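In the form predicted on its own, a lone chain appears below as structure tokens.
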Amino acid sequence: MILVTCAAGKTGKAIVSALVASGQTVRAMVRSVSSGVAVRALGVSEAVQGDLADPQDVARAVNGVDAVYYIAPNMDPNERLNGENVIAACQSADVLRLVFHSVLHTQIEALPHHWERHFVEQSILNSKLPYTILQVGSYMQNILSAWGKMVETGVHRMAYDTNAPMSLVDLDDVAEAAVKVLADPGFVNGMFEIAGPVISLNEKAAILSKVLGKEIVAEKEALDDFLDHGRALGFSDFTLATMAKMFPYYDEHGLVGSDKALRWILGRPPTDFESFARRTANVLS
């Protein structure tokens, strides 16, 4: 049995669905009763409710599983505590495998949510557990929440420079890679970048124009406007402070990795943005 944490989120649902489709028995760790209902609909064998910051909840979720696919909450002030709880539970339960769904370039101190995960990675390396660390890039799917508005207005808007290079990755590719990594002990004690081809907002807009048959222009959203919108949506002060540092970093550097490891794991080229856009347009049109 494989435990997937944060199983009801965007990443968790993709990983759970791929594991279930591959024939794996999955236990899901979620925060709420409603999330448990949602993941049961995906075919998990069990749904355990708990908080990663509570060591007893984590130990209960890990008990009896063979492997743990650890997805951490995004931009969480308890990053290190959550990680230590998962590691300790895995050690106590003698799990055969811990796979950490990390983030691209945890060495970057200017990105607090990346930097905090570098300490979790260090703890995993020192844990003596059989581990795999997947350092995952930003998802192509992050565009979906604004897809309808983009089609309506003809503007693809993000809060960073329109020429900033980003190694966007298709979440479906990430899930496929996760299944392959969990099934193959040859990935034990390895750390792998899971990134897609490099692309900018301007390049995405040109592709979207071709796919949608209408002009789409790229536009940088003012950081203050983005943060005000996030505040209205109920983002925590920690999340807002993290984003206030993240987007200026992206302005200058983007977030670029190599797609070679993902290509090797999948046994094929990673999905490019045009293929993703065409697939999405077919579904949403």
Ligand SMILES: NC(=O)c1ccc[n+]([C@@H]2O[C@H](COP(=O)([O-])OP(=O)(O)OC[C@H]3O[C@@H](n4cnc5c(N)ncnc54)[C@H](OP(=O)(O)O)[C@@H]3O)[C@@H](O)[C@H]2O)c1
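So that there is no doubt, residue numbering starts at 1 and follows the sequence shown. Only a predicted model underlies this, so the values are computations on that prediction, with no experimental measurement involved.
Below: the form predicted together with this ligand, not depicted.
- Heavy atoms within 4.5 Å of this ligand in the model of the complex are found in exactly one of 230-238, 215-223, 50-58, 256-264, that being 50-58.
- Between the options Lys204, His101, His105, Arg157, the residue in contact with this ligand in the model of the complex by a heavy atom within 4.5 angstroms is His101.
- A heavy atom within 4.5 Å of this ligand in the model of the complex is found for exactly one of Thr153, Gln122, Ser200, Asn74: Asn74.
- Among residues of the shown chain, Gln91 is not one whose heavy atoms approach this ligand to within 4.5 Å in the model of the complex.
- Under a 4.5 angstroms non-hydrogen atom cutoff, this ligand in the model of the complex has Arg31 among its neighbouring residues.
- In the model of the complex, this ligand stays beyond 4.5 Å of every heavy atom belonging to Arg97.
- When contacts are judged by a 4.5 Å heavy atom cut-off, Cys6 counts as touching this ligand in the model of the complex.
- Along 135-162, residues Val136, Gly137, Ser138, Tyr139, Asn142 each place a heavy atom within 4.5 Å of this ligand in the model of the complex.
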